[in-house]
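Given next, in structure tokens, is a single chain: the form predicted alone.
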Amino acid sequence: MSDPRTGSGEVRVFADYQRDFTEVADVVVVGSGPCGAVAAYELAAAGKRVVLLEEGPPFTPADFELEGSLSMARTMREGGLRFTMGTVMPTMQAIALGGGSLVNSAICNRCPDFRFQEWANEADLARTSRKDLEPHYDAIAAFLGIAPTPDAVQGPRNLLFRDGCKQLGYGSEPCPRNVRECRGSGECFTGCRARAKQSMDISYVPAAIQLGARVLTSVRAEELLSNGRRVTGVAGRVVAPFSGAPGPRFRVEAKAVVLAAGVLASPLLLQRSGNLANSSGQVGEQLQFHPGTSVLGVFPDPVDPIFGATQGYQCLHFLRDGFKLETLWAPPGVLAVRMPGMGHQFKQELLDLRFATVFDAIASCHRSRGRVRERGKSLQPSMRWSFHPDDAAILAHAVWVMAEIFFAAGARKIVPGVASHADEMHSIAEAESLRSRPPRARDMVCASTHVFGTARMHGDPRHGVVDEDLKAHDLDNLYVVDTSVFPLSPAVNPMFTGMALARRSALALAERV
């Protein structure tokens, strides 16, 4: 272990912990995902002694599993099998150095100005607009090499989406992604073996280490320590990778705490630490998702979908209608879960994958809300969330539009994955039923990895957990910098906006510590 007085950076792994230990820092950051990693880097760059905590282990390309279920078992909390109660919907959160950036598709959209205006109206915000965050977006884009996905690595399946949108007059564009020299291998979901994706474990975290940050992996934060209006540090336990078996105890004493544990873990930590920062009653409330669904299309000629950026093209044409469209690919074993039929029919569906691609939609669901609480004493979340019928109608509209795009691009059939409709549709005329009889929420196969709202930012301390610097209203030195602070969905993929807010927050904190 490095001497905390020297500021020399390091990474510690499970094998390094032999006994209980204590660390000392100016700032302890809980969570190494996109928001936590940015905060740790900016604080280290400001000369602060930073300790970054991560419950998961570091991964190298040799550790990645290409088979989807094995990959999820290793990189996802609860093996990727988490789900909401109320409306049952799967949701996945990573447990690894780099957090979700290790296994996401690297999409980096800036939240549109109209949505920031809705945030301001919803949460009484005075200085959180697109213009306010533009310098932070720009700095992160330069650091990570964020740029539109080039045609050379799109592959046919992404370009078919582009062509279908063009035929219908729907604007589309290459997805901006945090990658450098992407080969289009389509392995984002299971970990980028080419190391082209600039996930936090190979970008912001190493940069923070070079500036003196200390990174402790395989450590689980279990309690925020406090005294009056100040937090004094974090306590927890070492946990074995994959099994979670408990090891030695640890404690980090710090002048300030940055909580970036994620939308589900951050409120649980506040709740189990004496219900900290909760005079508003909003900790764990206002749970929101981007529910997503997808449609598979099969074309006359081989598409060879294994090649191409995992999510290389998008359509922002319908943002004001409440949804965004994207291309998508995942390991065949994951896609097979939603395929119809058994026996010979199911085998035929699998044979069609060479000719197939998938489009997906994510919906901004402001009426669909829920809450998160601790599941017993397990440190796992219990989520109750309900899909409002008006929000379900948004996703139903998106399913119809995806059908339109597929047939405009020349698909010979689609598999919509809607329980109340035909398993397969072979023409736009057959698909018309998706528009004339819109599917209900329970008819659609939905999932979501975009989560918001359980420690929301609000200008009025009576109605929110943090202010616009993301400092807790109730405490002088606690900051929450993950997407739990979003008052509403950002209309697009949330990572980039979360990072921009985290950067602004870290710069403000650096002036106060």
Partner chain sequence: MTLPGLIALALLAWAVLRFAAGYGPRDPALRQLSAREYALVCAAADAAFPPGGVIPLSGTQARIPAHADRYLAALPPRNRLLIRLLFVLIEHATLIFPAPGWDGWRRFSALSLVQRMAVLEGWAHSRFLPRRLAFQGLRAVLTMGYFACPAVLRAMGLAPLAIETPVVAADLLYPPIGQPKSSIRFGVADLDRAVPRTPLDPRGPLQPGFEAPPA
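Positions refer to the first chain, counted from 1. No experiment lies behind these values; they were computed from the predicted model shown.
What comes next is about the form predicted together with the partner chain, which is not displayed.
- Heavy atoms within 4.5 Å of the partner chain in the predicted complex are found in exactly one of 349-357, 219-227, 392-400, 405-413, that being 349-357.
- For residue 100, no non-hydrogen atom is located within 4.5 Å of the partner chain in the predicted complex, even though that partner is not displayed.
- Among heavy atoms of residue 24, none comes within 4.5 Å of the partner chain in the predicted complex.
- In the predicted complex, none of the heavy atoms of residue 142 sits within 4.5 Å of a heavy atom of the partner chain.
- In the predicted complex, the partner chain sits within 4.5 Å of a heavy atom belonging to residue 305.
- Comment: the partner chain is not present in this chain, but in the predicted complex one of 319, 334, 146, 133 has a heavy atom within 4.5 Å of it, namely 334.
- Site annotation in the predicted complex: the residue of 173, 124, 113, 78 reaching within 4.5 Å of the partner chain with a heavy atom is 78.
- Within 4.5 Å of the partner chain in the predicted complex, a heavy atom is found for all three of 60, 181 and 193.
- Of all the residues from 141-164, those having a non-hydrogen atom no more than 4.5 Å from the partner chain in the predicted complex are 152, 153.
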